[in-house]
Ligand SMILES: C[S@@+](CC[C@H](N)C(=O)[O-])C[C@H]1O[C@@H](n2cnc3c(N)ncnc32)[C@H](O)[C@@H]1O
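Just the one chain here, the form predicted alone, laid out as structure tokens.
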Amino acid sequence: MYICILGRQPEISFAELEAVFGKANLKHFGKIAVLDVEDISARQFERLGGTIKIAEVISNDWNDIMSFLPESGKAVVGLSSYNTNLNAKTLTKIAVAIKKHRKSVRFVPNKKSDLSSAQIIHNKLIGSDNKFEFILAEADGAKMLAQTLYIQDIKSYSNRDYGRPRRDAKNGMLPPKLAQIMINLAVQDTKSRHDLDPSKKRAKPKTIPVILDPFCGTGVVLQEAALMGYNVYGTDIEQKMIDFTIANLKWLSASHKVNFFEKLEVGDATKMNWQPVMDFVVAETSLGKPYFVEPTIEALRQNVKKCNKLVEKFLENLYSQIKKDTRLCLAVPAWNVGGKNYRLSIIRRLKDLGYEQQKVSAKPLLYRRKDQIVGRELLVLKKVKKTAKMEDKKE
């Protein structure tokens, strides 16, 4: 059994875990999820964009920490608490009590009830015989003591974001973590997902699933898909963006020793004829006008209308080019103006266009900072038969 520490937006992180491991194996408790599986590999964890840490449950008694420390030699220990009433002061008292019995233990000081990724990485609390992070958590009234096995590599994410040769702020900057989440939400329960090895020799699309990004921009989705072992197909309306993607994928292949089959073309997503057929579609559509101050309601309505039209035309164009049950994950714009959320109206008419929205969360999956005007809503879709209403309209 494992404890998963969820990211800044727990609903999205939990939806990703459900997509990867299945609903039957998971329970959600605020900022943590309890995952009941036999084993989690480092490779599986590296493909999760929304989970900050994973720790293995080793006891149901917090007092058992002593028994998991080495009998001799110095040890470095960090303590974190989740879903409990233990604060930094209480954790410090626990550390002091342990030191009375085990003088050779050094504790990483707690500024908060949980240690940050930077603290864990700096103190090397993972992957060592004498350095540990222990997590004290509660779920359903039961106490759990867990040892952290994996933590997100913040340096690697930063490199894949800021270290690429080509970036373009004007076209938005999709975070690599979010791209990973979107890929996992689209791929869902594909059995071969964790068998894909990105270091193997290039394979043609018939052998390895292909992920299409029709709005590829600088290629973040394609980059993360390639790292997860998929072949990639990207198109964009601007030649400049295709050139940027080519440079970024070339950098990825050399710097990360990744092999993949890629196809890149200039094309308008509302008119493009994609060949060959893709297995999954993952994309961030245009987010419309960027806002640094709140717009007037009329200006916002015009912007929403324009974004609605683009997404509708794209979905109409894509429909005949994908197989039944093909899954998509789209990041579309969502706005917060005057404390009110504004969404695309096209979301209410997806069935008319031949798409069924997959229920991966009780609430809309909104990815945005608290003070952000333009955010993203994640739509997980599946191609289905169009409603009679839409078919009649076409005739």
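This one's a predicted model, so the numbers in the text were calculated from it and none came from an experiment. From 1 onward, residues are counted along the sequence shown.
In what follows, reference is made to the form predicted in complex with this ligand, a form of this protein that is not presented.
Visitor: Tell me, which of Ala139, Ile98, Leu287, Ile208 has a heavy atom within 4.5 angstroms of this ligand in the model of the complex?
Guide: None of the others qualify; the residue that does is Leu287.
Visitor: From the list Met228, Ala75, Val108, Ala269, which entry has a heavy atom within 4.5 Å of this ligand in the model of the complex?
Guide: Filtering the options by heavy-atom distance leaves Ala269.
Visitor: On the criterion of a non-hydrogen atom at 4.5 angstroms or closer, are Leu48, Leu185 and Gly234 all touching this ligand in the model of the complex?
Guide: None of them does, since no heavy atom lies within 4.5 Å of the partner.
Visitor: Is there a heavy atom of Glu238 no more than 4.5 Å from a heavy atom of this ligand in the model of the complex?
Guide: Although this ligand is absent here, Glu238 would touch it in the model of the complex, with heavy atoms inside 4.5 Å.
Visitor: Please tell me whether any heavy atom belonging to Phe132 falls inside 4.5 Å of a heavy atom of this ligand, as the geometry stands in the model of the complex.
Guide: Flag for Phe132 set to no.
Visitor: Can you check whether Tyr150 is within 4.5 Å of this ligand in the model of the complex, heavy atom basis?
Guide: Contact check for Tyr150: no, nothing within 4.5 Å of this ligand in the model of the complex.
Visitor: Hey, in the model of the complex, does Phe215 get a heavy atom within 4.5 angstroms of this ligand?
Guide: Yes, Phe215 lies within 4.5 Å of this ligand in the model of the complex.
Visitor: For the chain seen here without its partner, which of 124-132, 150-158, 82-90, 216-224 has a heavy atom within 4.5 Å of this ligand in the model of the complex?
Guide: That would be 216-224.
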